[in-house]
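Below you'll find only one chain, the form predicted on its own, shown as structure tokens.
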């Protein structure tokens, strides 16, 4: 069992900056990510150069990410790529699985920078080929230079919609419409708070102007309520919604489409922190659970820290500052406190607080509304793994299943390979809508190892020796990777 000073789980903006800060402070760091290419959703580098096809904005984005990731080529940082962390216990033991088999890592401190997953919505036709999350479309673009073919509609709520629609448009996609559930009148009401997020607001205005010049239809206060088609998407029904996102009768319109990209914001990934027994709190702005920390970013479990989206969605800039702060504080807890450490911590704290305040202003505008649960008819599948419909969840709620874990006994909802990562938030909204209780009362599914599907042999075999190699070797499963030269 290899032992390190600090293990960082997740190599997005928060995890990468945490690893760099901790290593620069003198800590021996293991940086673990299940992706083959580091950087997370935001800074992941493309599989191949885009050449002249990439927009200037995306080129600058890749360049900035590359500058961050090149700093991981540090003698005190061991990078594990393609490594799925499937278990974590309160004694700070991590169990990994990758192409080199099973490995256990023990750390004096752990920093969880596991990011977030996208919130989708269940509505008739959402399982048709051609329906994907906005983040999935963005991943295809950033990772492989691919854009969806045919007519593309981007729908849901949140700042990601405009960003993804513009990125797709700039790279040749035929984006026809953007459907935003949050009505314009809410923008007006929330305007005074948005002053704190002037940079994000201006970025959104630039996206809007680009989309308008391209003739993209912009629909505010409307939601995609049905994907049309038999074998694949051929159109989308959109309805006007009230401020609670409940569809208004008689307002249905049909739009032609071949692809529907849906996103209702992000949900922090908390499976590992729940598995380790860390305390959590319910974030009403997100409508989701986030890992709780003290002012030093330490969770209720001693030696386990959290940074970035797992503490609450804050965006890449906040994640960078927060990751740096977590790396410095974790290193300090091990006695690694050198010259300039105090000023670096103070600077990171100030930057983190400023950026978090900006994000809270944005999140307040796009709060998840209870009407999202009304988009699913009783026949709509919610838990794809187990084939559980919205009607089955509503029936279970009426019969006494008031929490997500109770659904497992009624209809096996959340017991598939994904352990409820997709269906859990949707089922919780349906329970809350059916019972009239607050969304928080529905709780969350209990996290159990393995939190990701792994071969049965991974649960039984003994730990494999720690692989060795030079800095230029790429083990694809485990080992040192010079990320800046991948």
Partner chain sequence: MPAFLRANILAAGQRFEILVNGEPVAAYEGESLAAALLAAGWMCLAAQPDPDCPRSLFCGMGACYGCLVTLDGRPNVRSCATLAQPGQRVELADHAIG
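Numbering follows the first chain given and starts at 1. This one's a predicted model, so the numbers in the text were calculated from it and none came from an experiment.
Beyond what is shown, the protein has a form predicted in complex with the partner chain; the following relates to that form.
Proximity to the partner chain in the predicted complex, defined as a heavy atom within 4.5 Å, holds among 409, 339, 231, 205 only for 231. Checked against the partner chain in the predicted complex, the candidates 439, 458, 444, 58 yield a single residue with a heavy atom inside 4.5 Å, and that residue is 58. Three-residue candidate spot 265, 346 and 359; no residue lies within 4.5 angstroms of the partner chain in the predicted complex by any non-hydrogen atom. At a distance threshold of 4.5 angstroms between non-hydrogen atoms, residue 148 is in contact with the partner chain in the predicted complex.
Looking at residue 210, you'd find every heavy atom of it more than 4.5 angstroms from the partner chain in the predicted complex. Put simply, residue 126 is close to the partner chain in the predicted complex: some heavy atom of it is within 4.5 Å.
Proximity of residue 434 to the partner chain in the predicted complex: non-hydrogen atoms within 4.5 Å are absent; the residue sits far from the partner. Here the chain stands alone, but in the predicted complex its contact with the partner chain, taken as any heavy atom within 4.5 Å, falls in 135 to 143 among 349 to 357, 313 to 321, 135 to 143, 394 to 402. Of all the residues from 399 to 434, those having a non-hydrogen atom no more than 4.5 Å from the partner chain in the predicted complex are 417, 418, 421, 422.
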